[in-house]
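Here are two versions of the same chain, shown separately as structure tokens and labelled structure 1 and structure 2.
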Structure 1
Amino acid sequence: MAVDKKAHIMNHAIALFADRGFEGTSIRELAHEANVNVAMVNYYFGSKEKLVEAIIDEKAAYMKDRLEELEANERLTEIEKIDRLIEDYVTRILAGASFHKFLYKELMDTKREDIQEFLTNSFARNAKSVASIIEKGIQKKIFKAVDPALTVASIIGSISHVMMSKRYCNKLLQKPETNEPYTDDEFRIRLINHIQNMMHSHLLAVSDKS
């Protein structure tokens, strides 16, 4: 019973924090949106700060698991790994669009230092995994001698940039305001194809048209 309600509050909190920011969201607003009493947030989480920590904690572990598994997989070539990773990232980030936006905002905020430190480590660790795959590809002379760290930044940055705001994304794609890019499978595939193609050109010595 308690777990369900906690999750219920957390889900509404994620959506609100992503939209309006941490400081921009009041407990009263959250309580109203989630249809619970204002006291419930402090009852279940202790404080607004701990609520945000609970949200991050819950999702943090899940992130790196798939990545480390992929890095260790010996049956895939480096470019196959990169391709899978791009598909994975795009799909997961689109599925949790508001959560990703929320993380991004927290990462840019220096006010709550412990949270930023924690998130930075989490993000950087993931980036390191991807960079390792690229480095291995370079060692094997399958990849060109690109900048691994900045290549990672380009992959994640490409995705994150279109996730900034639905309104901006639609304007960029010249779609009507009513378009819902983050739940549209056509856009998902378009984004995956673009980044994969770009990375093929960027990484592979000989352009590989597939």
Structure 2
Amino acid sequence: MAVDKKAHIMNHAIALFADRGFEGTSIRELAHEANVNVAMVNYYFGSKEKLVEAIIDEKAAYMKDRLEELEANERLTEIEKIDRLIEDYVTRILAGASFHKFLYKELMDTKREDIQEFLTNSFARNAKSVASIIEKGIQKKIFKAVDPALTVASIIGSISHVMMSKRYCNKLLQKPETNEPYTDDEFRIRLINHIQNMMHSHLLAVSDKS
């Protein structure tokens, strides 16, 4: 099977950025880790900044497409859409723990305001789409009159909290340090169920709770 060189470089970049941060990673080091030459990295991306933008774009685009698909699905109720989004979001974040770590590094790094701006704009668009689903549920009186934007923040925050570090997550779960929570399917299902149950209690009017 042919290797997608562009995706290959991006995957190695995510791992390096997560470990060393943007400033601590050079294009030369990335080329070495990805076993490609510097010219190939520059050919695909042009600069380290453009490489980061391509990574963020690719990740945000997946959820954008998924959101558009769910919003257009008239067979699903609003709470079913939220349930599916939670399942997708948790599964994708756990599978890409390095990318999530990289996001935190960039959001905390005030020196890279250009990347922060691109990052926040990309993901804010998706958050707005989720809020739109919640607003429709409120209009239909399926959902309580909650704050849609902060409800989205609660969903994202619940998973972000356990993604702070593997060591912290294991402490929270009272598991040994050798435990690998982010690749544990039992933990993934537990987290999905927890956030879904929390959102059902938060969103659904009493008459609509199952």
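Numbering for residues begins at 1 and runs along the sequence of structure 1. Think of the rigid core as the biggest set of C-alphas that the two forms share within 1.5 Å after superposition. The shown structure was predicted, so the numbers you read here are calculated from the model rather than taken from an experiment.
The second of the two structures is the form predicted alone.
Taking 2 Å as the criterion, residue 11 counts as shifted between structure 1 and structure 2: its C-alpha moves by at least this amount when the rigid core is aligned.
With the core held fixed between structure 1 and structure 2, residue 37 has its Cα displaced by at least 2 Å. The Cα shift for residue 28 between structure 1 and structure 2, taken after rigid core superposition, is 2 angstroms or larger.
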